[in-house]
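Two forms of the same protein chain are encoded below as C-alpha cells; each is given separately, as structure 1 and structure 2.
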Structure 1
Amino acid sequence: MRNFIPYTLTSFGAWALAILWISPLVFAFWAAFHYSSDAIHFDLLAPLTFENFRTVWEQAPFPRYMFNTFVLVTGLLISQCVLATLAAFAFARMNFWGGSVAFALVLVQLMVTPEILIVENYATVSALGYADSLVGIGLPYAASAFGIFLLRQSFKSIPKELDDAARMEGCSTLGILWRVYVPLAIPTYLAYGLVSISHHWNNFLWPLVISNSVETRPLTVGLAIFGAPESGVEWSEISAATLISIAPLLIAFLLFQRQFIKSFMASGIK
C-alpha cells in the first residue's frame, strides 16, 4: 500500500510528460486536416478537409522532392555500406602497416562532420563539377567513419576459426568477407541502415548549400522553401506539407519502432 501512491504519481507524471512531448505532432496532424481559419482558432469541432493536401501538391513539386530524397538516401546507404565493409574488414582483421594511424584519422570524422566544413567542401564539390547534383549532396557523406567503426567492432567479434576454416576450403580473402563476415554482421548493417536513413532524410544545411534546383532539392530543402514567409502559404498548408515530408519516415518508424529503438541503442555502443 505504501508503494501505491508514488506509483500512481509516477505513472501520472510519465503520461503528462508523454502527452506534452507528442502534442506538437498531434496538433500538426490535426491542423493539416482543417481549414486555416479553424486551425488558428483551435476550433476542435470544425469540419475535416483534404483541401490542404491538394493545394500543397499543386503548389510545390513534393513528389519530385520525395523522389530526390529517396534516391539520395538509398544511394548513400549503398555506398556507405560498401566502403565501410571493405575498410572495416581491413581494420579488424589485417594487421597492415600504418593501419592504426589510418584508423585514428578515420575517427576524426566523428567529431568533425562535413557540415562544419561547408565552405571548403562547397568549393571542392563545385570544382569536381558536382554542384547542384544528388551526387554532390551525397559525396561528403559517402564514406562514414561511424559505419566503419561500427562494422569493425562487429567483425572483431567474429571468431577467427571461421575465417581459417573458409580459407582451408579455398576461399579468397574477399570471398571470406562476403560469405562469412557480411552475413554474420547483418544486425549491425540493419542498425546502421536505420540510423543512416533517418539522418540523411533529415539532413538540411549541406543540401541547402549545394542544391539549387527542383531536380536535386531533397524534401527538407523543399519544405523550407515552401514554408518561407515570402511564399505566403497558410498555416494549415504548412502542416500538410510537413506531414507529407515526414510521412514515409514516420510510417516506417511506427511499423519498425522496436527495431528502430534497438538500432539507436546499438549505435550508441562505443
Structure 2
Amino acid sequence: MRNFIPYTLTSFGAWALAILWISPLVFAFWAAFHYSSDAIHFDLLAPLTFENFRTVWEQAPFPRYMFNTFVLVTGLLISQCVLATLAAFAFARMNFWGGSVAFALVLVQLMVTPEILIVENYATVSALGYADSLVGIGLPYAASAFGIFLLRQSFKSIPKELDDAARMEGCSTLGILWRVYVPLAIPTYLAYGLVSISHHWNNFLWPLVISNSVETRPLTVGLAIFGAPESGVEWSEISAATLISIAPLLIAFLLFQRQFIKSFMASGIK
C-alpha cells in the first residue's frame, strides 16, 4: 500500500503529460480531414474530406521542399558523423598538447544557443558566397559539439586492449577507428542520427533567415506561407500541410520505434 500510492500518482502524471503532449498532433490529424468551419467549431460529426491536402499540394511545391530537406539533413548527418568521429577519437584516445582546453571549448558550444549567433553566421555565410543555398543552410551545423561529446563518451568505454590487439594485427590508426571503434558505437550513431535528423528536419529560424528562393527553401520555411495572419489562417489547410511535412519522420519512427528506443537506451540519451 505504501508503494501503491506513489506508483499510481506517477502513472497518472505520466499519462497526463503524454495526453498533453500528443493532443496538438491529434487535433492536427483530425482538422486536416475536415473543413475549416468544422475544425474551428470542433464538430466531431462533420464529414471527412481530402480537399485540404489537394489545396495545399497545389499551393506550394512540396516535392521541391521535401527534396531540399532530404538533401540538407542527409548531407548534414554525413558531415557531422565524419567530423564528430575524428574529433571524438582524438579526444578519447590521443594525448596532445591543449587537448583538454580544446575539449572544454567544444563543451562551451553546447551552452550557446544557435539563435545568438544568427547575425554573425549570416555575415560569415554571406561573405563566403553561400547565402540562399543549401550549403549555406547547413554550414553552421556541419560540426556538432553534441555528437563529438556523445561519441567521445562511447569511445572511452571501449577497452584499450582492443587497440593493442588491432595494432598487433597490422591496423593503422584510421583502420582501428574504422574496424574497431565505429562498429562498437553503432547504437550511439543510430541514436545521434535520429536526434540530428529530427532537429534539422524541423529547424525553422536559420533556414528562414538564409534562404530566399524556392530552390533552397526547406519544408518548415515553405510551411510558413500557410500561417500568414494577413491572408487569414486556415487551420485545416495548415494541419494538412503540417501532416505532409512530418509524414516521413512519423512513418520512419512508427516503423523503427523499437530499434530507436534500443539505440537510445544503449547510448544513454534521455
Partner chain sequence: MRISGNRHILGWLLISPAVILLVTFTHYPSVSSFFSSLFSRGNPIRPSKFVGADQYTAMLEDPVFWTVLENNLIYAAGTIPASIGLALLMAVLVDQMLPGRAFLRLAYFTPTILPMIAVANIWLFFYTPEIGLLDQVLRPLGIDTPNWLGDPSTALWSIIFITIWKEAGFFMIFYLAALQTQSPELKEAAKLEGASAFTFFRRVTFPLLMPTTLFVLVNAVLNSFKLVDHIFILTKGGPNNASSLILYYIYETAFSFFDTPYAAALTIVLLGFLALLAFVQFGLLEKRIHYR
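Here, rigid core means the biggest group of C-alpha atoms that superpose within 1.5 Å across both forms. Remember, it's a predicted structure, so these values are computed and weren't measured experimentally. Just so we're on the same page, residue numbers count up from 1 along structure 1's sequence.
Novice: Mark the structure, either 1 or 2, that is the form predicted on its own.
Specialist: Only structure 2 matches the form predicted on its own.
Novice: Determine, after fitting the two forms on their core, whether residue 37 shows a C-alpha shift of 2 Å or more between structures 1 and 2.
Specialist: Yes; that C-alpha moves by at least 2 Å between structures 1 and 2.
Novice: Superposing on the rigid core, does the Cα of residue 46 end up 2 Å or more away between structures 1 and 2?
Specialist: Residue 46: C-alpha displaced by 2 Å or more between structures 1 and 2.
Novice: How many angstrom apart are the two C-alpha positions of residue 23 between structures 1 and 2, if you fit on the rigid core?
Specialist: Once the two forms are fitted on their core, the shift reads 2.9 Å.
Novice: Mind pulling the C-alpha shift for residue 13 between structures 1 and 2, with the rigid core superposed, in Å?
Specialist: In the core superposition between structures 1 and 2, the C-alpha of residue 13 moves 7.0 Å.
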